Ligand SMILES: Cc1ncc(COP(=O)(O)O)c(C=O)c1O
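In the form predicted on its own, a lone chain appears below as structure tokens.
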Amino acid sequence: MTEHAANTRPATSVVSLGRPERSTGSSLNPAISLTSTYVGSAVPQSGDRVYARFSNESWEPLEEAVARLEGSLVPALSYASGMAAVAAAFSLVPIGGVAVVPGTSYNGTIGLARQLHAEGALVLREVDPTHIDETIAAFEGADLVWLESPTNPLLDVLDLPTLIAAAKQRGATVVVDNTFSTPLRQNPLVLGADVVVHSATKFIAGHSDVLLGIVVVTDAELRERLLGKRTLHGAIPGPFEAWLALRGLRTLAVRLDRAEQTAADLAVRLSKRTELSRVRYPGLATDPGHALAGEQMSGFGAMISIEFAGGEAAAERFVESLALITPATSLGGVETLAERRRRQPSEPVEVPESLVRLSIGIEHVEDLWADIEQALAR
């Protein structure tokens, strides 16, 4: 890969990282390597490519770029989906070991943790991480601590520096899901976390056309351990998916800036509506996590969750009445999406039935508000 100035700002880095070596006539973008195997030599050399499940030059530019954005000099590891990345992180728990996981984590994460617990693969301790003292008490004897901030979909902001330090003091491996914040708004590795997980399907790829996950670490030995598992378990991304995710990364800064600005505007307007009993957005001065988010994040993100005073039925009517905003799961794309999260059978019961999660895209704010207003009126 080409040399990259270490002092460039993130908005520049997303454009410049992961490029091929620069020379006259060279390609500006990395190539897509569509091969399943590589020509071997009579005397294999260290670093030779052998088989495309082991390594593929299409993954590496993306892995380099995301790692550098997260503050690591160790290349990241890409996976076939965000859940494959989550599963890779859970594989760090020894058989019968203890994992501390918030009960209101992303439903795929807590669902997998509960499944592993039921199968006897690990002992699960569920916590409410907004109760710091109780959560830290659960860290005693834990092998792995899972954190997510802001949480999905309640948008609770966790005290990451305090929780990470407490877990590390007790010898636990700390994993932080940084999907909502992205590396442009928060860097958990810099705060002391061991592992950062991304569903790159979301903001990193950014166009609702890729399934891909990423794991980032700072310890080279830990990466080798994870690489060995990825090679044997086979949860690798396709070359084209990795290329698309890197192309999406190029515009992350402008997409996130636009969506975040719009989200802040919409959150203020929504907070004045009597149809809603609560608006969850860390950027609101009235939000319980506002001060903490201001300290550990460089922006408040593009996700809003709203709760309807009329309960589940009102939330459903709202989503069904939207015309511009798309009713769909997922998040982080250029289009605005809305979903009543409890429609998902796997969603934790702590999530209110009346909650609708909004992933704000890059459309004009007034067009989005007009759609929200007419849906609220119905």
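Just so it is clear, the model here is predicted, and its values are computed rather than measured. For every residue, the number given is its place in the sequence shown, counted from 1.
Not pictured, yet referred to below: the form predicted together with the named molecule.
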Find out whether any non-hydrogen atom of residue 252 is located within 4.5 angstroms of the named molecule in the predicted complex, and reply yes or no.
no
Would you check, heavy atoms only and a 4.5 Å threshold, whether residue 78 touches the named molecule in the predicted complex?
no
Within a 4.5 Å heavy atom cut-off, is residue 180 in contact with the named molecule in the predicted complex?
yes
Can any non-hydrogen atom of residue 331 be found within 4.5 angstroms of the named molecule in the predicted complex?
yes
In the predicted complex, the one of 246, 212, 216, 113 near the named molecule [non-hydrogen atom within 4.5 angstroms]
212
Picking from 258, 230, 185, 202, the single residue whose non-hydrogen atoms come within 4.5 angstroms of the named molecule in the predicted complex is 202
TL;DR on 95-103, 145-153, 127-135, 167-175: the one with heavy atoms within 4.5 Å of the named molecule in the predicted complex is 145-153
So which bits of 284-304 sit within 4.5 Å of the named molecule in the predicted complex, heavy atoms only?
none
